[in-house]
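Okay, here we've got a single chain as structure tokens, the form predicted on its own, with questions on binding and movement later.
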């Protein structure tokens, strides 16, 4: 511990949250999409989107300071690596930024009361909010799912259970990588009833099926070569997360594997920025789990050869095989 405080570092930390709000606001108002398609001046963007010129200019300059937008004289354009994420379609990140913006608003309202022991105020999602959340998760999961499918060794995997798999983004990516794979997706009845219609007439129609139920109560079945737990465990506290892993292990065929895809965090849970902040987002009902925790639960469930594969700095795959 030093005798002096790095005020510059403290200010950067405090202002980072404001920087994130700038990004999400720009996504909601369409600034990022406007600058993905062409270079433009702030006045041109403001006119196109019916925004205030002064506010638009300040937001665009703040985006530029974060290296998200590049300046060329009087004009600005979204940084080249980001443009594919804001060109429309199912992989567009606009809905995800919209979701983050709403999440930050709830943080501002609830964080201090929660710290003082009060309940985090929640309300049922409206149909519009549900659709927005679904679009946000689809945009993010589609890209991560492809990375997972490319990273895993799917040789010999013919049957797969995707626990909490939503509309099947991970299952689809696995099927694209392994042509002989058939996948079952377990999710809440509303999703399980609606999702099959989305694959009618596609290559997945005969390779994906859904089961409606609760991942802590519904019978998973058995004999699967792979059981996937993607972004599921962080929604639960430790005893329930361990139970999900145990249930997944029971559903495996001999030699099958349980695969966890989730946010990474250091063992002490106090050094990894995104992992620690995401734990706050899970409030009192979930958490971000370390490698030793996940490894321990897998070994307790009878899984062996537990290994970790990193998906960049903030996510990982941790898998184990049934003996």
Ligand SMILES: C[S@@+](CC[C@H](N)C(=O)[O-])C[C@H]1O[C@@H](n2cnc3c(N)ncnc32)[C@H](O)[C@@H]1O
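Residue numbers count along the first chain shown, from 1. None of these values were measured; they are calculated from a predicted model.
Absent from the display: the form predicted together with the named molecule. The rest refers to it.
J.: For the chain shown here without its partner, which stretch in 106 to 114, 194 to 202, 227 to 235, 83 to 91 has non-hydrogen atoms within 4.5 angstroms of the named molecule in the model of the complex?
T.: Stretch 227 to 235 is the one.
J.: Counting only heavy atoms and a 4.5 Å cut-off, does the named molecule in the model of the complex sit next to every one of 297, 304 and 320?
T.: No, the candidate spot makes no contact with the named molecule.
J.: Identify which of 71, 188, 79, 131 has a heavy atom within 4.5 Å of the named molecule in the model of the complex; exactly one of them does.
T.: Looking at 71, 188, 79, 131 one by one, just 188 meets the 4.5 Å heavy-atom criterion.
J.: I'd like to know whether residue 164 contacts the named molecule in the model of the complex, with contact meaning heavy atoms within 4.5 angstroms.
T.: Yes, residue 164 sits close enough to the named molecule in the model of the complex that at least one of its heavy atoms falls within 4.5 Å.
J.: Contact with the named molecule in the model of the complex for residue 100, defined as at least one heavy atom pair within 4.5 Å: yes or no?
T.: Judged by the heavy-atom cut-off of 4.5 Å, residue 100 is well away from the named molecule in the model of the complex.
J.: Mark residue 213 yes when one of its heavy atoms lies within 4.5 Å of a heavy atom of the named molecule in the model of the complex, and no otherwise.
T.: Residue-level check for residue 213: yes, a contact with the named molecule.
J.: Do residue 137 and the named molecule come within 4.5 Å of each other in the model of the complex, heavy atoms counted?
T.: The answer is yes: residue 137 has a heavy atom within 4.5 Å of the named molecule.
J.: What residues of 166 to 182, in sequence order, lie within 4.5 Å of the named molecule in the model of the complex by heavy atom?
T.: Counting only heavy atoms within 4.5 Å of the named molecule in the model of the complex, the contacting residues of 166 to 182 are 166, 169, 170.
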